[in-house]
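Only one chain is shown below, in structure tokens, and it's the form predicted on its own.
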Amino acid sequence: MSIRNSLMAGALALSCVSGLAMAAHAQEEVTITIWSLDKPEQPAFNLAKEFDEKEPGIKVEYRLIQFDDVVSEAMRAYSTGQAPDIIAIDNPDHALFSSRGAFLDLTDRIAKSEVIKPANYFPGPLNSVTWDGKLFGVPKATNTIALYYNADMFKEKGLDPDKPPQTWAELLDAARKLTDPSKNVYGLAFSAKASEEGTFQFLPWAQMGGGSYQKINTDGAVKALETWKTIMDEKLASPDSLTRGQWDSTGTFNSGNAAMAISGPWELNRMSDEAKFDWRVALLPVPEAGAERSSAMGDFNWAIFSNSKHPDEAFKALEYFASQDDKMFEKYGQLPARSDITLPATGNEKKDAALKVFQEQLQYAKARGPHPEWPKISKAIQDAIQAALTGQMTPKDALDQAAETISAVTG
């Protein structure tokens, strides 16, 4: 063989080897898909991108979905074998999928993980991914609600801004003193909307009154709804509290037209920019001194679909996401679902003080449910709130009716 032919043969051999290597690499690369509501400036989009770049053997395809479509699209995709590998799901919807076998049981994988440690999570978020004693997901982030108040208005009305309302009676008393129709100021802003937001705001009150979604008509829960009705009847809150969501109702506080507001940490940046007064945050008032505390729990969880063809790679992605929890607030303004993470100081004194309160409140935050029929349970609670606050039924009758509906739903 001539040197020329030898070189050509060598080149051909190298070409074949290179082609085989490329083919092997192509075969080795795994594609996983992720569905989430997060936009490019939010966590999921960026975490997916980072994981894709970090893992050369795993390609990530990300799809942005709309809130109203998450449950229906996800369930349809699962039933037709077209589900993504990973989804970010609203925490009260988690049990719907877990109970139907749609989500992968991660209990054993988590037990072996060096990154995901159940003991590090707040009880509420961890409970939301738990079904039948097993773990079917990993909390993505969390939030809760507390009492914002205008310290300047407190001073003007002779109230001590260093002693915000601790009980429901004190909250009513403060709201009465702070309400000033001549200045178009209401004592309190909150959402009693006939949606999940209304349930989100009311359920903690029922729980602090010794109730639960299974026992929504306890004496304490009835007292909670009676307190809400007093607030509305005495016009201590705007009449459109029945139709406004939390974002809009808190806007009333930011603009100086409400002295107090029940809302969450998602308001901190907007409030820092808009509120031109001394605003502070306190824990939610309880029925009476020493009573059990409770609070709402929001935000999303990660889950892997049980028919994923790449569960190991998908779980590896969840481990990476969890490893970035300590950056969740600093980068995206979202609270990590873990109690072992110390939030970095923001340099904004009011905001830092508020964050400490919200993190304390998270110790008492409870998951909605978990129950696969949560939408129906929540609807019964929403109907009771609306019926009582509009005078169609007494708070007791409204909650008795809700209890019957919930009992029928839960069997």
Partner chain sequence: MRKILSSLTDGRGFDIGLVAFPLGFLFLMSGLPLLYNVLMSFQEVDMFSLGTLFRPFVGLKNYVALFSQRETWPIFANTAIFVAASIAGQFLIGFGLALFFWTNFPGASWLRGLFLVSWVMPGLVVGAIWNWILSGDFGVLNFFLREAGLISQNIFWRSDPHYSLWAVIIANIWLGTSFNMILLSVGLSGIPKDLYEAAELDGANVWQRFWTITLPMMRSTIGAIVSLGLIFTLQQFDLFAAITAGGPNNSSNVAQYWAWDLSFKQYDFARGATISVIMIIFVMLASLVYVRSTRQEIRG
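Positions refer to the first chain, counted from 1. Quick caveat: nothing in here was measured; it's all calculated off a predicted structure.
Although not depicted, the form predicted in complex with the partner chain is the subject of the following passage.
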Notebook entry, point to check: Is there a heavy atom of Gln82 no more than 4.5 Å from a heavy atom of the partner chain in the predicted bound form?
Noted result: no
Look up in the predicted bound form whether Arg338 has a non-hydrogen atom within 4.5 angstroms of the partner chain, and give yes or no. no
Open item on the list: Leu203 versus the partner chain, in the predicted bound form: is there a non-hydrogen atom within 4.5 Å?
Closed with: no
I'd like to know if Ala141 sits close to the partner chain in the predicted bound form, meaning any non-hydrogen atom pair within 4.5 angstroms. no
Note: the partner chain not shown here; in the predicted bound form, the stretch from 42 to 50, 363 to 371, 378 to 386, 346 to 354 having heavy atoms within 4.5 Å of it is 378 to 386
(message) If the criterion is a non-hydrogen atom within 4.5 angstroms, does every one of Tyr78, Leu96 and Thr390 touch the partner chain in the predicted bound form?
(response) yes
Checked Asn257, Gln166, Gln324, Thr130 for heavy atoms within 4.5 Å of the partner chain in the predicted bound form; positive is Asn257
None of Val115, Val71, Ala151, Ala275 but one has a heavy atom within 4.5 Å of the partner chain in the predicted bound form; the exception is Val71
Applying a 4.5 angstroms cut-off on non-hydrogen atoms, the residues of 233 to 252 near the partner chain in the predicted bound form are Lys235, Ser238, Pro239, Asp240, Leu242, Thr243, Arg244
